[in-house]
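In structure tokens, one chain follows: the form predicted alone.
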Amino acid sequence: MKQNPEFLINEMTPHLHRGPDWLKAMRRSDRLGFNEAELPPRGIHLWRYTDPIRFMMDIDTATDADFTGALDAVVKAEAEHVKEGRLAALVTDRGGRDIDVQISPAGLPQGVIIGSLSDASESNFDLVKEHLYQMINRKSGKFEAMNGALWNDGIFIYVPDNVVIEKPVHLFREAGGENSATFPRLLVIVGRNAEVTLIDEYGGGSPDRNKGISFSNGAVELFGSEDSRTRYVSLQRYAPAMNSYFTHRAKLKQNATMLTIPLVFGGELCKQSFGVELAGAGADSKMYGLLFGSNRQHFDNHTLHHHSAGKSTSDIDFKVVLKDRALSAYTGLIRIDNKARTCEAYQENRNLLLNPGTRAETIPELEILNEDVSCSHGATLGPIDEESIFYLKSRGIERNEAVRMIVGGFVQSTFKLVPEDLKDRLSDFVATRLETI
């Protein structure tokens, strides 16, 4: 398939000429990678359910991000939580053009850095250069190369060795309105025996596809050093006319642990990939995801646990709730290398279909290159059990309320893991989706 000229990234695109020389070279490399790569053909592996052309936009004609202020009320509430000491920091990112950091009155532990990637690429040259683009770059795919070439500014977080940030750090990324394109980027480095909790929230976008669709292409790289402990919550709640593509990659060294919680609610079309490499003995990764789709939303999610070191463990539990004519496709891969002996890996995908017309696809994949492992996977797909509804109705509960109670129980185990600041809002999301049942 020949590259369509209207989708080429022009060499004179302003993003390519910002930052130090090494960063300009990396942007230029990803620009060439994007322009040279063909669109993934429909029907191959991870593109069998989603048309890649829907994530393309004419870069030269995309409008500047017009921020509607949709996040203002939430940001204001979270700013109060910072003042009260319930959050360690609050970072707002409006399309990579305006990044603001608010710190708790108690301050941050010595050596912690929370700020923009542009500043960090100058003031922490060696640290950023060593890690940025290491896991997500032109070799990762065409759309990853697009982000690498076009991100305007991003967020940088560094937690030094033996430092614990006791309260969560909350990141807000607001996309632009109709016909806009944004490219959020995040780099996180967690030192030896360090600990941090991150809430990475994405909102905004076009509210009406008749006025124009908005686009978002995000990338997150997280590095967990020896004995580090990282909790990362991704909350996607884009406006209804958003097409979003998102890539997350993490690398864990010896005895490092990571809890990843993908929460997916918004957008018209959403394709996400969450991956963790367990690169040290004793490394442990857990992913507990939750997706709630309605109307004609289209979700395509991938998870990857790559065991490149022995004596590492992983667990995935990805839950999906669909109503109306929503579609979800989930592909989960467990890869265990030949030299990665004595590993344990588990994967489960459960899909709850609330009415006829919804569609869920689940594809568990195992790529195990040695026999000294304990590995299993499972998937369920179907409507709510009618016997459960009958049981609740027999106790005077109306059917609609019975369905809400069952769905609430289905998602409760994931909600328990979410930081307190998000629990009420997530409950509201689910309650709103269930109102029309």
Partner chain sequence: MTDKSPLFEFKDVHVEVEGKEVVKGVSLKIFAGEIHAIMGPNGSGKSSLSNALMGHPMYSITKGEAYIKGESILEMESDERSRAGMFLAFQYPLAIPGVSVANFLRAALKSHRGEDADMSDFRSLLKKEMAELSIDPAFATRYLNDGFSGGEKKRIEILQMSILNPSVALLDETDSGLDIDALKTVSAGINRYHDDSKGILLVTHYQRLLNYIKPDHVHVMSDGKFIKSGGPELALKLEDEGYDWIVNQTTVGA
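Quantities reported herein were computed from a predicted structural model and do not represent experimental measurements. Positions refer to the first chain, counted from 1.
This next part talks about the form predicted together with its partner chain, which is not shown.
Within 4.5 Å of any heavy atom of its partner chain in the predicted complex lies no heavy atom of Arg18.
At the 4.5 Å threshold, heavy atoms of His45 stay clear of its partner chain in the predicted complex, well away from it.
Taking the partner from elsewhere, Arg425 is found to have every heavy atom lying beyond 4.5 Å of its partner chain in the predicted complex. Not displayed here, its partner chain is kept clear of Val373 by more than 4.5 Å at the level of heavy atoms in the predicted complex.
In short, of 365-373, 26-34, 406-414, 49-57 it is 406-414 that has heavy atoms within 4.5 Å of its partner chain in the predicted complex.
Interface residues of 389-409, taken as those with a heavy atom within 4.5 Å of its partner chain in the predicted complex (partner not displayed): Phe390, Tyr391, Leu392, Lys393, Ser394, Arg395, Gly396, Ile397, Glu398, Met405, Ile406, Gly409, in sequence order.
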